[in-house]
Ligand code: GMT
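Okay, so here's just one chain, in structure tokens, the form predicted alone.
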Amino acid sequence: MQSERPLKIGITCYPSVGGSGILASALGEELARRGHEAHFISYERPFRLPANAPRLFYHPVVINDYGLFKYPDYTLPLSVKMAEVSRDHGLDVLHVHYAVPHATAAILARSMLAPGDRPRVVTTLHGTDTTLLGRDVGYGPAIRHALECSDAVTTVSEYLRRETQDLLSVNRPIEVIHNFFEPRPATRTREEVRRELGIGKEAMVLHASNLRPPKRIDVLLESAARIRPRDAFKLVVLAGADFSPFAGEVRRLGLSDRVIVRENISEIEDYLQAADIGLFTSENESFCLSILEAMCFSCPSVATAVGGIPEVVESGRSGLLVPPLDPDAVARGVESLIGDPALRAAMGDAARRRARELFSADVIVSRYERLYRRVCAAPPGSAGPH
């Protein structure tokens, strides 16, 4: 059937370490496995995107720093590259992750093309493009316009859908398609990883993030400093950015022998399978992909009950949710899991089942495929001005 032919999907995301880029890369890989073409368009190859994989392509965007401009512009060269790839490869869909600048560039790219060459635009919101930039009068109207002109808009949580509608007054349907995670095989055993980290009988408490301010690394470290007994754990931080700004806080809290940092790790599965407890102290999250990654390895998390996290974790069943900005509550939660291995194992099993049933590639990627086919079948212009 024509409707079931393989699709050609252009994907644009931030290529740095972060949930949106990791999700977009994984989505492209899964689409390619299913016989579609995935064309990544960005200023760098996404962090976890494999090279030379079948049906996976990378098209770099060149940014020229002209003296004419006070700041280098990315949106315009991105839109030109999107239009070029769409025309040359016959893209069916441009799937952009983050509204600014990706959705605005996609809308401009589409308008550059002849009507028969125009791909549909699907915009997925991941968080700060709504919760932060949506409040800014310098960005809000542009974000709203891009969303209204997209052929479909998705968010990674029900929480973010509500925030988008409330903050931007977007007058269009928004579909919730949660994040997914499909683990790759670990390259080392649990014992090898723990030996490398110098972890013996202690509980390995794991935190993975890009260290941006909403992750509240200060609260994470303060919470770790309050865990008792002190020698019952080690905190392993998989940092997607330079951790050195927090080194002084580690020393001040007396955590130098408790905190182990690894930066820009691509083999995250090695560390996930070695962990006992996840720890996340964000003040806001649209989803928190790192929690889901831990769940896939039967690792329950202690996390703050903010944003979309309660859609991921069932508190008391597949993890523990605590109030935000409360290091004592965080520490007590970690202590309860360290001190009760049976409870930890039961929550880990429930977490893994929940991840498989609700947030697997089989479940989530199929929803994206159906969305792509639906927008491709709809009359051009049905979602907004073209």
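What you see is a predicted model; the values in this text were computed from it and never measured. The first residue of the shown sequence is 1; numbering continues from there.
Keep in mind the form predicted together with this ligand is missing from the figure; the text below concerns it.
Think of it this way: in the model of the complex, this ligand has a heavy atom of just one of 313, 94, 109, 288 within 4.5 Å, and the residue is 288. In short, of 124-132, 144-152, 295-303, 67-75 it is 124-132 that has heavy atoms within 4.5 Å of this ligand in the model of the complex.
Residue 156 belongs to the set of residues with a heavy atom inside 4.5 Å of this ligand in the model of the complex. Although the partner is absent from this view, residue 233 stays clear of this ligand in the model of the complex, with no non-hydrogen atom inside 4.5 angstroms. In the model of the complex, none of the heavy atoms of residue 273 sits within 4.5 Å of a heavy atom of this ligand.
Within 4.5 Å of some heavy atom of this ligand in the model of the complex lies at least one heavy atom of residue 212. Counting a residue when any of its non-hydrogen atoms is within 4.5 Å of this ligand in the model of the complex, the one hit in 165-181 is 179.
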